[in-house]
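Below you'll find only one chain, the form predicted on its own, shown as structure tokens.
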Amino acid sequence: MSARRPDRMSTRAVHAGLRPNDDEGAVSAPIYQSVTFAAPDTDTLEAINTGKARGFVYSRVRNPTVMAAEQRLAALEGAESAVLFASGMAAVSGALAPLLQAGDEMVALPDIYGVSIRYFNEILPRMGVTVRWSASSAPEDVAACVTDKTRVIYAETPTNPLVRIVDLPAISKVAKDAGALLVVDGTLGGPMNQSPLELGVDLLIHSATKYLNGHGDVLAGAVVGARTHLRGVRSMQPAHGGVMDPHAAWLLMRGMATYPLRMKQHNATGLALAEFLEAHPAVAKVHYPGLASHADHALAKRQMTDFGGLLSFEMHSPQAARHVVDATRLFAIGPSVGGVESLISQPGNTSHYSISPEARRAMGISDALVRISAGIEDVDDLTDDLTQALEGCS
């Protein structure tokens, strides 16, 4: 008998991590809102604690609902394992904690999330870890920062808010040549649009708050990868305490069930809005990897299957950018991305607020930059809204 073909993504999104026969036939995974789980006897308790028997003791260590959500996410990424955290930043710190200690060094690529920059500049040095910032995402610039103390190379792709693409196979080679691990924040691409683990990434981080949940009602983070790389992450998580709540895990499972459907709309709307804005005379430049004008378009086509729902665009002045943000009707002004609702903001007021204006400008983030997270509304309504918001800005 031939081997069964693996389920496709839309099927995995609905069925992975759920076994109805284990839960009285429940089609929706139960929420195990319990801190403590009783053991039938001390021998069983010891077996569970030592990993010799399957079971649960305390939800800060392991919870059935959280485990089901972890299994679903691992299935979406085609990974062996996933560990869920209480937020995306908890996942960043949780991924790095087992890999770095005092005296170690980490190489960070320059175009990453603003709060991650703050963590690398303020928290890791207090732990005795040196962070070396690459001049660019080019492999030769990354390699120039590597020393014999380098343990981790950290990247984000696509990036926020300029939506640049990092050449993952090339950076993976730099990491492997250095004997380091490549840790990548793949939030904006997601399993629908890219497969970082197949391109040489060792640990993949998600802010599951964004596209994976997709409804703006859960803070969640995840680290995904091979079991060998995740053992330390899972082992240290109960001591760090950034664990996921069971109800949040259930909401995340519900969001992941519709993730492939939502992503198709995010991808289509993102491209449509990018093309609309690029053709508008009031807009100076559009940043979206699905456009032929984007600096990383060719790389994105090689490395991604689609281009996502995040885009940004430059107006001719900061005043014009502020006007557009304030004048929209359907786009809510606020941080975050990946929800069913469209959002608009200036990164200097949201994702990169904690970064100094000088540092933002050095990253290419001007005060005239506007960022859009395309939701799943009718695209014609969104373009109509942008049309009226752009009036008088040309």
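On a predicted model such as this, the values are computed, not experimentally measured, just so you know. Numbering starts at 1 and follows the sequence shown.
Heads up, the form predicted together with a small molecule isn't pictured, but that's what we're talking about next.
Segment that reaches the small molecule in the predicted complex - one of 93 to 101, 242 to 250, 80 to 88, 276 to 284, heavy atoms within 4.5 Å:
Among the candidates, contact is made by 80 to 88.
Quick check on this chain: which one of 312, 194, 209, 134 has a heavy atom within 4.5 Å of the small molecule in the predicted complex?
It is 209 that has a heavy atom within 4.5 Å of the partner.
Could you work out which of 220, 203, 108, 168 is the residue within 4.5 angstroms of the small molecule in the predicted complex, going by heavy atoms?
By the 4.5 Å heavy-atom cutoff, the listed residue in contact is 220.
Any of the heavy atoms of residue 113 lying within 4.5 Å of the small molecule in the predicted complex?
Residue 113 belongs to the contact set for the small molecule.
Quick one: does residue 237 come within 4.5 Å of the small molecule in the predicted complex, counting heavy atoms only?
Residue 237: no, not in contact with the small molecule in the predicted complex.
Heavy atom of residue 213 within 4.5 Å of the small molecule in the predicted complex
Residue 213 lies outside the contact set for the small molecule.
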